[in-house]
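Only one chain comes next, encoded as C-alpha cells, the form predicted alone.
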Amino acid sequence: MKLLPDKTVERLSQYRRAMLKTLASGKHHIYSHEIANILHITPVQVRRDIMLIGYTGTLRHGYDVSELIEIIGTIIDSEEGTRVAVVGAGSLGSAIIRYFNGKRTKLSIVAAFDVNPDKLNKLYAGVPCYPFEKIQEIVKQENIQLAVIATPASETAKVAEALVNAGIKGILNYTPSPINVSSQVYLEEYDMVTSLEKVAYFAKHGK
C-alpha cells in the first residue's frame, strides 16, 4: 500500500478509537453514517478513507467492527511495536506519560528525559526518567523510534537537534516553539493556543 495522506492516518486512528468503544458497548457492526456522527464528519469521507485501505462493508450490516479495528491496526502499527521517549518530565510531560500508559499495546513510552536532578532516577507511571545528556545512549539501548517534546519553549530547538542526532525518526512537538528537522524525520507540532483560538472563533460565530 502506498503512503497514506496525513489526515487519512489521523482519521484512521480516530476510527479505531471509536470502534474500540463501539465494540466495548456490545455492538459488532456499524454503518458509515454512524461513524461519521461519532466523529462529526461526513459519511462520504468515512467511506473514502475505509475504501482507501482496501476494506469494504455490506449494505445489510455495514462494517464489521472487529475486522475494521484489526485492519487499521495492521496499517498504523508496526509489527514489533513502537517505543517512545518523552523529553521533559514536568507537569505536561508526566501527564502525557500517564495518559498514554497502557492505551496501546503496539505503542509504548519507555523512557523520559529531563535536566532537573529532582526528576531523575524516578518512575513516572512506571517509566524511568534519565538525564538529558544520556539521550543518545538510551535511545540506542531501548530501540526508541519516536519522541515527544514537552520542555520549555526555549529548549525546543536544542532538544530536537539532540533527538535527530540520536536517530529518532518521528517527533511530536508539544511546545509553542516551531522547529525544523530533516525530511527523514516526521514532525507533528501541536499548538494549544492555535487550537483554542480556532475553537473560540467558531464558538463566537455559533457553529
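In case it trips you up, residue 1 is the first one in the sequence shown, and so on. Computed from a prediction, not measured in an experiment: that's the story for all the values here.
Note that the form predicted in complex with a further copy of the same chain isn't included here; everything after this is about it.
Here the chain stands alone, but in the predicted complex its contact with a further copy of the same chain, taken as any heavy atom within 4.5 Å, falls in 177-185 among 136-144, 60-68, 177-185, 24-32. The closest non-hydrogen atom of Val159 lies beyond 4.5 Å of a further copy of the same chain in the predicted complex.
Using a 4.5 angstroms threshold between heavy atoms, Arg98 counts as touching a further copy of the same chain in the predicted complex. For Met51, no non-hydrogen atom is located within 4.5 Å of a further copy of the same chain in the predicted complex, even though that partner is not displayed. Within 4.5 Å of any heavy atom of a further copy of the same chain in the predicted complex lies no heavy atom of Val127.
Residues Ser13, Gln14, Arg16, Arg17, Lys21 of 13-30 are found to place at least one heavy atom within 4.5 Å of a further copy of the same chain in the predicted complex.
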